[in-house]
Ligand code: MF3
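Single chain ahead, by itself, as structure tokens, in the form predicted alone.
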Amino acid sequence: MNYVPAGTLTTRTAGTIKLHGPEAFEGMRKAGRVAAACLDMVAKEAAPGVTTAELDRKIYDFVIASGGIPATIYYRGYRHSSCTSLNEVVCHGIPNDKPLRDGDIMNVDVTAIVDGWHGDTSRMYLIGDPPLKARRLVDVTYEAMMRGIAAVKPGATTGDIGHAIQAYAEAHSYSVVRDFCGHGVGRIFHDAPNILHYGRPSSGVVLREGMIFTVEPMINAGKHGVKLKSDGWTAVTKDRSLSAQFEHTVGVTATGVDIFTTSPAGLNKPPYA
């Protein structure tokens, strides 16, 4: 693996990882704050009877008013400002006019481009009063993500991140999705390296100060198998079991990790007061 200063390479190149400096970290903090504040707004709006299309319009308005641009609009033909994934949808759910129902769980994934930097984050929402099994899955998924993030520091590996997530999820009899992963991010939406959410300690790519990437585990209540629906975007569990996901964008510092997408209002996991 080749590590290069981020300013010397403006595209994704196989086998090359960008190392960012203080200016990039500040840019990512700004973009991350916009994306995280947007999800704080969603916490006030997501309720039974509201449609995901309504939420998507509010997300567009919020990001634009905050000086950003929703990164997903027209990304590979996608036409929305967010992904809204309910219940058995693993990721990339498309906003629509179907009302949310009491008992749903929903992931909302937002990426805000601010001054060229991508703040990428997602959060789970409890709609009305979901059953205990759904709430438990959401809680475990959040903790699994945070354990993965806690493993981030110079000299650790991407395998350490994946192992921390996998060990915690499987200890609660859940499974980790293999088909999707975290990714490098910065001025490029999806960059190297890939961040698998399962793995062996000390395996994979060695982490170095200046790396920026997402940690975004998808955890299923059943088996880890996933299938893609005919729309070409929506991924669902093969066994129709519930799925949950959280996502933060992080940077590797000299001593550990900087989370760029922490909620400004402290609404990092549900229930949201």
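Keep in mind that this is a model prediction, so the values were computed, not measured. Sequential numbering from 1, following the sequence displayed.
Keep in mind the form predicted in complex with this ligand is missing from the figure; the text below concerns it.
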Just one of 164-172, 144-152, 189-197, 131-139 has heavy atoms within 4.5 Å of this ligand in the model of the complex; which?
189-197
Residue-level contact is defined here as any heavy atom of the residue lying within 4.5 Å of this ligand in the model of the complex; does residue 127 satisfy this criterion?
no
Any of the heavy atoms of residue 87 lying within 4.5 Å of this ligand in the model of the complex?
no
Considering only heavy atoms, tell me if residue 72 and this ligand come within 4.5 Å of each other in the model of the complex.
yes
Give a yes or no for residue 118: in the model of the complex, does one of its heavy atoms lie within 4.5 Å of a heavy atom belonging to this ligand?
no
What is the one choice in 177, 106, 113, 83 with a heavy atom within 4.5 Å of this ligand in the model of the complex?
83
Indicate whether the candidate residues 92, 183 and 216 are all in contact with this ligand in the model of the complex, with contact defined as any heavy atom within 4.5 Å.
yes
Select from 247-263 the residues with a non-hydrogen atom within 4.5 Å of this ligand in the model of the complex and write them out in sequence order.
247
